[in-house]
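In the block that follows, a single chain appears as structure tokens, in the form predicted on its own.
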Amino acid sequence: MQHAGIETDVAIIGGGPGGSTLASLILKYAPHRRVLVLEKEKFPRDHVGESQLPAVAGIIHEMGCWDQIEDAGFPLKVGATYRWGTTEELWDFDFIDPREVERIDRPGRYEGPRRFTAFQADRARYDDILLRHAEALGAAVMEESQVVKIHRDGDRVESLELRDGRIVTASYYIDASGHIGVLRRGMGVKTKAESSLRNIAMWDYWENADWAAEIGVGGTRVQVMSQSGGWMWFIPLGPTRASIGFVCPVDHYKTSGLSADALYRQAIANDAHISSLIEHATPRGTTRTTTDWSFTSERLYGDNWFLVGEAAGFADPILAAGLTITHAGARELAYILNDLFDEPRDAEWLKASYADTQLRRIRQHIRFADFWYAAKGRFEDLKEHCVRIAGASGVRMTPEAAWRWLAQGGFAHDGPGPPTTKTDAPPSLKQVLGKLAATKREWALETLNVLTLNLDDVDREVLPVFVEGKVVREAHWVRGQDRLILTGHYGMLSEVLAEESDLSKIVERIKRYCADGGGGRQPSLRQVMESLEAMLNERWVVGSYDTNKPCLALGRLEHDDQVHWNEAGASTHTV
């Protein structure tokens, strides 16, 4: 039987957040483009991965569906409460001062403090809203349309074959199908396990669960609680609905002799804190499981195809970065595809830059997740672990120096554009690591008062930055595997350091920058000082001490810590 063919400019496999973000932003900036989204399921449908990070809010706003998402009434994620590391005490990691959230009215606009909060999204509704928005912008959406075969000629995709026999041809093909990687598998792209972690996640949805914290109108924190066999998440998805999951090593699951449901129930029973939140709650009764092994794909693009989101790679969910990485990668790919249609002269440069940025981003989160899990052990063990993390970033140092490097910020930047997650930001990384290892957070800047740019062995290269629908070519410094964008905080600091070496004068310039709004970013002095500290850690800057000049006392900047002991959190017993 002959089936009619379908022709389009961009064929996207997968209608989840990666596919819908990609489709929406292609069409926002190029409404004449033909975009087809192929989704094997019928939306709405449940999906794990509900917790977001603040960067997603800006992408939703850019897509043009902020109002729809806000009107859905998803809880605001102010941060997270943890029981992890060297103590049984609860501690909080906040994206924003909770007092700011208490003054927020909902529904609200994407402005002010809302730029620093995230959503805890019921994925059935969230994904459906995003897909309908892409459709409203002009995307052709075909649900219950499974791609069963990739027709290829070498490294080029010739067409997609659907289960009903129809053939789809396009100029570009995108795999946004998640970890199953429909196109990735069809093109024979191998994956690499980036970590020795081999975990399994099991979860269910509960009705009438209590929130651990209520902040303002609809604001709360997710709960992340470690126990001897693994860790649990508790994510409020609405006034009464919550996602509760347990993550543990696959070996622990196998040797337990229990079914996934039985092990899941046991983990809940072993956690007094989580149990107290579901005392009057009822589970849906269907415990689901999935493996969450961290991996990256060998390649992220070919002649006329790309991988995006979890088809490209996956980082352990302990940092809740998956959805954020997917949205960010899809946004950048939308810009790149529109540029490729309009200005194909830079095709290979754009493709390679896209792959490099996504892989750096995923691998950074895999490394940090490795560290996070290691923090359940002893501090001395962590030192050697930090050496491996630093080494993977191209930094060679002793165990003590590696720990200091990571605990003080570690990574100056994950790639072009704003950091994709809060743990990319030096202030947060520095504070989180201090809590995990119960060490005092020291500033290297407090021991120095003269700073000099270190441009030895540095090349100046142009890399893409994505602004208001255009791919902008921006200068970066590149040294080995490290790179530093010369815009934003880092661009300002680079300019100041080229003119000043006296730290007190540098700080005065930073204060003026913050007072003037920081190029629209509204940074705090602490945030910019932490960026300077990160540049020092990665040796973009070298420092010295002049006995004739005073040193700065930066401890006072810690009064607005994003990481602090939970106010209501007395110790809770776990087995």
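One rule holds for the numbers: they count along the sequence shown, beginning at 1. None of these values were measured; they are calculated from a predicted model.
Below, we refer to the form predicted together with a small molecule, which is not included among the displayed structures.
Chemist: Even though the small molecule is not shown here, does E332 get within 4.5 Å of it in the predicted complex, heavy atoms only?
Modeler: Flag for E332 set to no.
Chemist: Is there any non-hydrogen atom of L493 lying within 4.5 Å of the small molecule in the predicted complex?
Modeler: Contact check for L493: no, nothing within 4.5 Å of the small molecule in the predicted complex.
Chemist: With a 4.5 Å heavy atom cut-off, would you call L38 a contact of the small molecule in the predicted complex?
Modeler: Taking the distances in the predicted complex, the answer for L38 is yes, it comes within 4.5 Å of the small molecule.
Chemist: Taking heavy atoms and a 4.5 Å cut-off, does F95 contact the small molecule in the predicted complex?
Modeler: Flag for F95 set to no.
Chemist: Name the stretch: of 274-282, 472-480, 110-118, 173-181, exactly one has residues whose heavy atoms fall within 4.5 Å of the small molecule in the predicted complex.
Modeler: Among the listed stretches, the partner-contacting one is 173-181.
Chemist: Exactly one of T296, T357, S145, N338 has a non-hydrogen atom within 4.5 Å of the small molecule in the predicted complex; which residue is it?
Modeler: Answer to the contact question: S145.
Chemist: Answer with one of L497, V168, A201, L448: the residue that has a non-hydrogen atom within 4.5 Å of the small molecule in the predicted complex.
Modeler: When the small molecule is considered in the predicted complex, the option within 4.5 Å is A201.
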